[in-house]
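Below you will find one chain, with nothing else, as structure tokens; this is the form predicted alone, and questions on how it binds or moves follow later.
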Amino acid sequence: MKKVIWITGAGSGIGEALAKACNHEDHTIILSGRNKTQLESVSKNIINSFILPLDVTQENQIKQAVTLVKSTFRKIDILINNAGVSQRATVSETANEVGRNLMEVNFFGSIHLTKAVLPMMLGANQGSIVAMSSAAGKFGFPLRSYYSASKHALHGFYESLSLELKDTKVHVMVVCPGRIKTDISKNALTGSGESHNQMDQGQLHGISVEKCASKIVQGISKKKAEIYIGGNEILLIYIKRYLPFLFRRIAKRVNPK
């Protein structure tokens, strides 16, 4: 069946891998992100792509983008809220405006786009909404305070939304990646808002974006509510849930970089 799939943060990393994983002659992939040059590069490998530059922190841009998508395609089958930014700074050294920026991108950007797309899906009584959280959305971790908080917030919002949609055919899934080999640590914000510009060792040895994207696509097709993707670090999610005292011991010993 022909599908219209909208991916934010599609210019690199997991977003780019998702575009390639969904690449099919019957599908149209809407590629969104702030860097148009990156989106154009990704589109070269997609059979049917539609480049739509978008800064999810700007509500006026979201409204304009959704209006354009609605008039052009008249539907959205899958929305993947992948746009996000991480953090590498202690609480005390993180400026308040940097913290707000992290919340705007990771939380408000995701939910504002979801709310704007939701009427289309409800009108068609079908669709899938994917929210990209993180393993850090299930537990706190050093140097990730605002990042972790923004991802925790996604769980509360999307769980509430999924329960509100229980009598519809609109599906909601939250994805919690652990260490995936992307540039997320390089692009992470320092306390002053500058790019961290360093690859974390954990990230360097993380699983491939292709494997991550494949698992996300499988999760959508199986209508999963929440999925965890990564290596041994995913065990911390279960340890935190069932043995919180043990989690704290382990987390204190783990190198946050």
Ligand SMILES: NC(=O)c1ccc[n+]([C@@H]2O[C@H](COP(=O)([O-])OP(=O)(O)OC[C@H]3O[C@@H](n4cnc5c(N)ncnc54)[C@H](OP(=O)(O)O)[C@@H]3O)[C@@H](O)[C@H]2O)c1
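Sequential numbering from 1, following the sequence displayed. Computed from a predicted structure; not experimentally measured.
There is another form of the same protein, the form predicted together with this ligand; it is not shown, and what comes next is about it.
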Contact label in the predicted complex: residue 138 to this ligand, heavy atom within 4.5 Å: no
Closest heavy atom of residue 19 to this ligand in the predicted complex, within 4.5 Å or not? no
Residue 99: heavy atom within 4.5 Å of this ligand in the predicted complex? no
Can residue 179 be called a contact residue for this ligand in the predicted complex at 4.5 Å between heavy atoms? yes
If you check 118, 105, 172, 78 against this ligand in the predicted complex, which one has a heavy atom within 4.5 Å? 105
Partner contact check in the predicted complex: of 70-78, 90-98, 128-136, 155-163, the stretch with a heavy atom within 4.5 Å of this ligand is 128-136
If you look in the predicted complex, which residues in 56-94 sit within 4.5 Å of this ligand (heavy atoms)? 56, 57, 82, 83, 84, 85
